[in-house]
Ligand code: C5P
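Shown next as structure tokens: one chain only, the form predicted alone.
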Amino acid sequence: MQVIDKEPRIIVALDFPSRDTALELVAQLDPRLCRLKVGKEMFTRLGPAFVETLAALGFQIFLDLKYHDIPNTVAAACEAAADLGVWMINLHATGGRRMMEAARERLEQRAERPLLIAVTILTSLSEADLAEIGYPGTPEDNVLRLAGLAHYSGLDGIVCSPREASAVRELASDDFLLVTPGVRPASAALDDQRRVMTPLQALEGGADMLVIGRPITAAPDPLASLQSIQKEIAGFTPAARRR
């Protein structure tokens, strides 16, 4: 695993219907205070050029496409993503060990490579949802199993709910990155997330990076909202984590 700079810890999720709307929001943010996440909607609408535009503005980009296919196809897709100069990419841990190892091995051939992390269980899924698709056990049971597989496969970290981060942290080394969506300031609406925590709670519980969308992007003053969250977590140190 490579050395990971965990600052800034906030990753702002961009989910907009148009390039202009997204860039208007990005212009109000500060790359010293956050990174940016580009997901399926924006990448499908705007393509690689949009990612390169954001990078040219000084932002580190998490390309959140959740690759899940046969090993060679995922490895090739990760290599193509790396060519865009992104900071981090992800795939689905449910694609299996051979798929994850193939992607990691392809990226390790590069002089500089993006971080590679695995999605475990989506934060929108409850225990009842998991049962419907044939996954026995609780969300935490499944997250721990898939996190262990990703760690064994040599990935840099995982995506998980903040409510599972503490359990994963007990089993994983400190350099195994835990990226957590489902983070909401105490005053924010839950929207379609079910397993959520505040930013400080998530960090104290074991998370390293916080993916935050609407509490920042839909705020009247996005930069002020970002600064407020940064102020909330400013005093955090790993030593403050609950054990």
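Position 1 is the first residue in the sequence shown; the rest follow in order. Just so we're clear, the structure is a prediction, and the values are computed from it rather than from any experiment.
If you look for the form predicted together with the named molecule, you will not find it shown, but the lines that follow are about it.
Ala13 belongs to the set of residues with a heavy atom inside 4.5 Å of the named molecule in the predicted complex. In the predicted complex, the named molecule sits within 4.5 Å of a heavy atom of Pro181. Looking at Gly205, you'd find every heavy atom of it more than 4.5 angstroms from the named molecule in the predicted complex.
Although the partner is absent here, Val211 lies within 4.5 Å of the named molecule in the predicted complex, judged by heavy atoms.
If you check the named molecule in the predicted complex, you find no heavy atom from any of His68, Pro114 and Ser153 within 4.5 Å. With the named molecule omitted here, the record of contacts in the predicted complex names 211-219 of 170-178, 46-54, 211-219, 27-35, defined by a heavy atom within 4.5 Å. Residues of 106-128 placing a heavy atom within 4.5 Å of the named molecule in the predicted complex: Thr123 alone.
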